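There is one chain below, alone, in structure tokens, taken in the form predicted on its own.
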């Protein structure tokens, strides 16, 4: 699904002494097929932005019967979120949202019931038991869990990594075309992070056309994303491929952001007179360093 945003602004507690402008004239396009990253320090507006993508936060024109739409544009695939008549249920069936630490949202007595909840809530009509079982089985298998082994288990008895997978299964059970994840690997060990990112790439290469991740982990962004948007003070500062973005190491550090380890090493080597031109993935950086060593 393609995302088009033009002149999007959002104010929390508008018309009160506590009004806070979270988004200020944001224009951003995410093309269908991208594995897109969003970064920014706390309060930069990135979470507010992604909450607009499935209608959790609404534009004024979508809330007021006679409000003028003005110049604000927000479309996700075929859905116009500036239109108050937009079918939010249909939108949310196609746009899956995974919040930070999604395992905290588990609530049902069994893994099956937890994952089935999303399917029953968004399926057209009333799905049969057979259809529900097939959808839940497929979702749990996709996230790497044994359906027969976990379906009757309480989700609260699972390990942290398993809980994360069950929570993701509850979102992907409807096979959304756009998947938005806020810090998908937060709190996981290195192996768990690798497994979650491999899962997201598996989904992306099958039926999930577009993936958007919000992350503070710059190595994660460099290793996985096709392009990256940098949010600062409610505005989009940059939209660049990681290869170009992380060449701006000093600018990003000045914004209070971290950069990948490979970018830090690249900058340190540059100060010593050694130029390394990589895409900032660990594999490419290591290859370029070794190649430089061989030629020297």
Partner chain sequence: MKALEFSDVSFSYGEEGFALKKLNFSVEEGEFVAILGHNGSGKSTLARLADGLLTADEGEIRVFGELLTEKNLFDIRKDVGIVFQNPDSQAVASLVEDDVAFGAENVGLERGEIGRRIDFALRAVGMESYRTATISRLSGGQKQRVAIAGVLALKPRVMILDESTAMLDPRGRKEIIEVVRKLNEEEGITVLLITHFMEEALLCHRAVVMNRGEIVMQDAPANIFRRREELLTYNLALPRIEVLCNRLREGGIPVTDALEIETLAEEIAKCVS
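Residue numbers count along the first chain shown, from 1. Quantities reported herein were computed from a predicted structural model and do not represent experimental measurements.
The discussion below concerns the form predicted in complex with its partner chain, not included here.
Enquirer: Does at least one non-hydrogen atom of residue 78 fall within 4.5 angstroms of its partner chain in the model of the complex?
Expert: It does not: once its partner chain is placed as it appears in the model of the complex, residue 78 has no heavy atom within 4.5 Å of it.
Enquirer: If we define contact as a non-hydrogen atom of the residue within 4.5 angstroms of the partner, is residue 188 a contact of its partner chain in the model of the complex?
Expert: Looking in the model of the complex, residue contacts with its partner chain include residue 188, since a heavy atom lies within 4.5 Å.
Enquirer: Does residue 256 reach its partner chain in the model of the complex, with heavy atoms at most 4.5 Å apart?
Expert: Residue-level check for residue 256: yes, a contact with its partner chain.
Enquirer: Residue 110 versus its partner chain, in the model of the complex: is there a non-hydrogen atom within 4.5 Å?
Expert: No, residue 110 sits far enough from its partner chain in the model of the complex that none of its heavy atoms falls within 4.5 Å.
Enquirer: 209, 193, 84, 137: which sits within 4.5 Å of its partner chain in the model of the complex by any heavy atom?
Expert: That would be 193.
Enquirer: Only counting heavy atoms and a 4.5 Å limit, does any residue of 196-212 reach its partner chain in the model of the complex, and if so which ones?
Expert: Not one residue comes within 4.5 Å of the partner.
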